[in-house]
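In structure tokens, the next block holds one chain alone, the form predicted alone.
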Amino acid sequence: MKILCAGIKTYDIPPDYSGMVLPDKPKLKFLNKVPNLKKAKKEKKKLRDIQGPAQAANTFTAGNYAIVAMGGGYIHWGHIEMIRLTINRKMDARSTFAKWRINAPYKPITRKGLGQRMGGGKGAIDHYVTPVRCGRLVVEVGGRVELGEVEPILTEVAKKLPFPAKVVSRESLAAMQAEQEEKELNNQNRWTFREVARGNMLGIRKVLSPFDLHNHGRFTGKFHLPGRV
């Protein structure tokens, strides 16, 4: 004798988009390749522009999903065009919008011609880049969509960037920040980098820079060390 019974399936409640209002221009706008300046000025390298954590554009504004930089680097205009064309072509503008969280290229990069001898001063301006620090949002996506719909598009873009990046949502970004705070509060190791540097153990202050003391050893140049507390 066989007894057949139907199981009850429970599904997640779909999100409510009743209060979502799309902007008039939902697609990413074109960013200029060269800044509009009366006179272009050369600059030093200023590697501090890509070192350490981001102090701006590190939280969400209007969207629900974004690409966050996990290390520092420079974005060229070619990368910006790749992001704009990939997202604008593959997203549905009737239900999705995208927003830039970085500025147009503004930092000049100089280069000398091929075969020139050493000396002769600083070279001419070759192109412009946008510096990005660890933790900065590159592009933000929102609208009446879920993460599964836009994650393949954003992942394709994140793989082509010149620094490590990942796709996050509001919840996952908040979880990452909460996990870092939890590591600092419940750290069982008494001898953290901060305590070792503060106590000048084994004369370590001789080899530490002000950058290391300020960020407590969590960054090595443009690279982020997530395991260090």
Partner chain sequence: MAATLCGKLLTKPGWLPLTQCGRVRHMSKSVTRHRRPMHIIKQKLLAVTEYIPPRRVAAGAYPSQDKKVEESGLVLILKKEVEKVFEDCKMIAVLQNNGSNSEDMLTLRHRLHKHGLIVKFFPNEVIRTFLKDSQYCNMAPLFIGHTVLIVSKQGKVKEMLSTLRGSPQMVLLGACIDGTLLSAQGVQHYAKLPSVTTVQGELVSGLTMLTSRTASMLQHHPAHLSALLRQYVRQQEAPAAEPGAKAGEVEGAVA
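Numbering follows the first chain given and starts at 1. Values in this document were obtained by computation on a predicted structure and should not be read as measured data.
Although not depicted, the form predicted together with the partner chain is the subject of the following passage.
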Quick one: is K45 in contact with the partner chain in the predicted complex, heavy atoms, 4.5 Å cut-off?
yes
Can you tell me whether Q55 touches the partner chain? I mean in the predicted complex, with a 4.5 angstroms heavy atom cut-off.
no
Within a 4.5 Å heavy atom cut-off, is P14 in contact with the partner chain in the predicted complex?
no
Is N186 part of the interface with the partner chain in the predicted complex - any heavy atom within 4.5 Å?
yes
Testing 29-37, 167-175, 56-64, 193-201 against the partner chain in the predicted complex with a 4.5 Å heavy atom criterion leaves exactly one stretch, namely 193-201
Within 4.5 Å of the partner chain in the predicted complex, all of R84, D92 and S95 (non-hydrogen atom)
no
For the stretch 212-229, I need every residue with any heavy atom inside 4.5 Å of the partner chain in the predicted complex, listed N to C.
D212, G217, T220, K222, F223, H224, L225, G227, R228, V229
